[in-house]
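A lone chain, given as structure tokens: the form predicted alone.
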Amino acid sequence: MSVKVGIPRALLYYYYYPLWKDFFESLGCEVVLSDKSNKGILDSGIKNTVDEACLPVKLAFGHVKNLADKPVDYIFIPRLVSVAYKEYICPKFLGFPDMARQNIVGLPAVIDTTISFMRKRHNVDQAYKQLGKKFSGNPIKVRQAYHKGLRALAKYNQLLLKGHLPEEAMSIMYDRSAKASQVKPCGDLNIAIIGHPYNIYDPYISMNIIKRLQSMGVVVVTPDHLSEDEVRHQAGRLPKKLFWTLGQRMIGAGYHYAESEDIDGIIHIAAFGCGPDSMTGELIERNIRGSTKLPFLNLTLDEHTGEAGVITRLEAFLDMVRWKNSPKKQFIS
């Protein structure tokens, strides 16, 4: 019987799942995902977490508890310190494995491999080699598993650059029975959604905002549809480099889309209680107000956010964008 490794469908799942899945499966493990987010998972997370946690961390606690109840042999909760040279990830990610151990009763063994590009990439390669030793004594097999994971991640990122959303890209890669649409959605508006992947792609906590917008005739683009070089080039316009990698992605994408002639509006999604979100949102909005007349909407989510209120704001925002674009309005002005 193969060893079952649980992976929470939370935090940087939307960035690195293909790497983790192919790595563990190449070593003979069975990868078990937590269920898709729902009210029960969020309520469980709120019950098991600390009071000052932000919404994404509360949800991540719920996903870890969901895996603990399945059961699995291990839960993979990497200690994410840095995913780029001399940059950091939110410190709550760094401490998340310890918080999970401390707060969730009956947790299976936690694999908390440290991922840190802070000083050099070699550290991450070594981290995966050490992780692989837990499941195989053959260093060649471990190395092959790691490189297979990297190839899967590269393929996944290419699909995102072609305009697919994460779940679509994963369906194309892993669900052979799924007829993933290769046709780009159509609509009369192009709206950029700027936010962290765990906020904008999780259908439950985002209240399915991407699908809602698409059903309203909107073509949605996100930071993950842009190349790393473009995002960093745009973020480099700041007078001082941000040391938050995810914050750089948000600002770089916001600046890029603000200058794009085919973008009709920008929606920034932040999580209540997230300090970096409050700063990046402000920087993006100031840039738009100062250099363009592009419509901008800021949405802050928490566990109490009412769905009706979000829908109303989206509808009002799109009405305003369509009115702004209408030839009749241009004639009146």
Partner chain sequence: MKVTFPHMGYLYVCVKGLLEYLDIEVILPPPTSKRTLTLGTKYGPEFACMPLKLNLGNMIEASELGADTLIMIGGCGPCRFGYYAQVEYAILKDLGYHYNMVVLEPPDKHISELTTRIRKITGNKSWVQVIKAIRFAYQKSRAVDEVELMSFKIRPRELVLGETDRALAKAIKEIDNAASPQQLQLALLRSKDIMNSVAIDPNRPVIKIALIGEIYTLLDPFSNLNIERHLGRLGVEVDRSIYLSEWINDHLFMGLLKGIRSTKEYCQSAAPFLNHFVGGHGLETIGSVSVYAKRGYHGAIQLFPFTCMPEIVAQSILPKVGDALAMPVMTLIVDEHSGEAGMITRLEAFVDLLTRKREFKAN
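Positions refer to the first chain, counted from 1. Bear in mind the structure is a predicted one, so any value in this text is a computation, not a measurement.
Omitted here: the form predicted in complex with the partner chain. The next part is about that form.
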Q. Among 74, 88, 135, 201, which has any heavy atom within 4.5 Å of the partner chain in the predicted complex?
A. 88
**Q.** Residue (of 219, 84, 99, 111) lying close to the partner chain in the predicted complex, criterion heavy atoms within 4.5 Å
**A.** 99
Q) If contact means any heavy atom within 4.5 Å, which of 34-42, 63-71, 275-283, 261-269 contacts the partner chain in the predicted complex? A) 275-283
Q) Closest heavy atom of residue 300 to the partner chain in the predicted complex, within 4.5 Å or not? A) yes
(Q) Considering non-hydrogen atoms and a 4.5 Å limit, does the partner chain approach residue 288 in the predicted complex? (A) no
Q) At the 4.5 Å heavy atom threshold, is residue 241 in contact with the partner chain in the predicted complex? A) yes
Q) So, in the predicted complex, is residue 139 in contact with the partner chain at a 4.5 angstroms heavy atom limit? A) no
Q: Can you tell me which bits of 141-165 touch the partner chain in the predicted complex, meaning any heavy atom within 4.5 Å?
A: none
